[in-house]
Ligand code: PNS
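Below sits a lone chain in structure tokens, taken as the form predicted alone.
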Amino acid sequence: MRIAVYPGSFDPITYGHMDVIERSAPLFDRLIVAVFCNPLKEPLFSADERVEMIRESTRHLSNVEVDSSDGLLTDYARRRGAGVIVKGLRAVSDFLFEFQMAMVNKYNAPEIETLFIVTSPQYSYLSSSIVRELGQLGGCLKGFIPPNVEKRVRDKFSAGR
């Protein structure tokens, strides 16, 4: 069985993330979208909330599983039996960081490959941080995030006002 892990913070999941998920899912028997908690970041949504939003957004993809972890990615991939780590790239700046991480992962787990998926051009500018900023300022989120996620972002910021 070909298993891949697509890791990220997904805070929140965007259509750019969905593009990578929908394009990489057919390449594997199982694609695990793994929400990782970065201790250096202050998330808008809890890991459980992010997992739930991603599950709702990927319900139409039968081979996609959603999980969370806070450990080392290569340890997680090994535990789950994944032979591939999927990483989405928007721009050259993403590549520089992701290439470095891929080399570290290869050192730690030589049996696990990294597959880079270039995000479709219409999402190349999109990031979760842009979505959070727009949501906080009451901006339009249509076309950036799935409707179920948009409702959660709106609810999160309206509760804080």
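Note that residue numbering begins at 1 and tracks the sequence as displayed. What you see is a predicted model; the values in this text were computed from it and never measured.
FYI, the form predicted in complex with the named molecule isn't displayed, but the following is about it.
- Annotated contact segment (heavy atom within 4.5 Å of the named molecule in the model of the complex): 35-43, selected among 35-43, 57-65, 22-30, 114-122.
- In the model of the complex, at least one heavy atom of residue 72 sits within 4.5 Å of a heavy atom of the named molecule.
- Proximity of residue 9 to the named molecule in the model of the complex: non-hydrogen atoms within 4.5 Å are present.
- At the 4.5 Å threshold, heavy atoms of residue 101 reach the named molecule in the model of the complex.
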